[in-house]
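Presented below, as structure tokens, is a lone chain in the form predicted on its own.
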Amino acid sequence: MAVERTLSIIKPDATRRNLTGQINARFEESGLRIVAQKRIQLTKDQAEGFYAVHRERAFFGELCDMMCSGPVIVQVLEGDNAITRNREIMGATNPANADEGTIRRDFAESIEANSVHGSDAPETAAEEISYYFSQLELVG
């Protein structure tokens, strides 16, 4: 198995409801380690920059507004096959389609306010991690 790093974001809907600890416990219980973490308030420009790949999609504005609506926890998870493992723990983007016991099934309020974000591929993970963290912030 390959040890990987992936970006994880606990979104404003989850931080507002004090779910950070419960969500992080699921990551840690599954064998992922949190190697970097910070609580930030995204600006509109930061959210638009991060989600630029979705700029042409109808939901782009609402997504950016939601991500700026309160603090988020940005963090780097590390472990064997961390990208795939994180996505399994999160569940499907639409909580109605997420498996029982996943974060989105248990905590999401809607398809937009779905509590968490995770990188979808190694290249995306590297890009997303560098958007929020410098090399000095990544503790191994």
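Residue indices: 1-based, along the sequence shown. All values derive from a computational prediction rather than experimental measurement.
Keep in mind the form predicted in complex with a small molecule is missing from the figure; the text below concerns it.
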Could you tell me if K38 has a non-hydrogen atom within 4.5 Å of the small molecule in the predicted bound form?
no
Quick one: is T93 in contact with the small molecule in the predicted bound form, heavy atoms, 4.5 Å cut-off?
yes
Could you tell me if R87 has a non-hydrogen atom within 4.5 Å of the small molecule in the predicted bound form?
yes
Just checking whether E62 would be counted as a contact of the small molecule in the predicted bound form - the rule being heavy atoms within 4.5 angstroms.
yes
Contact residue in the predicted bound form, chosen from D99, D80, D45, E112 - any heavy atom within 4.5 Å of the small molecule
E112
Within 4.5 Å of the small molecule in the predicted bound form: all of R26, V74 and F107, by heavy atom?
no
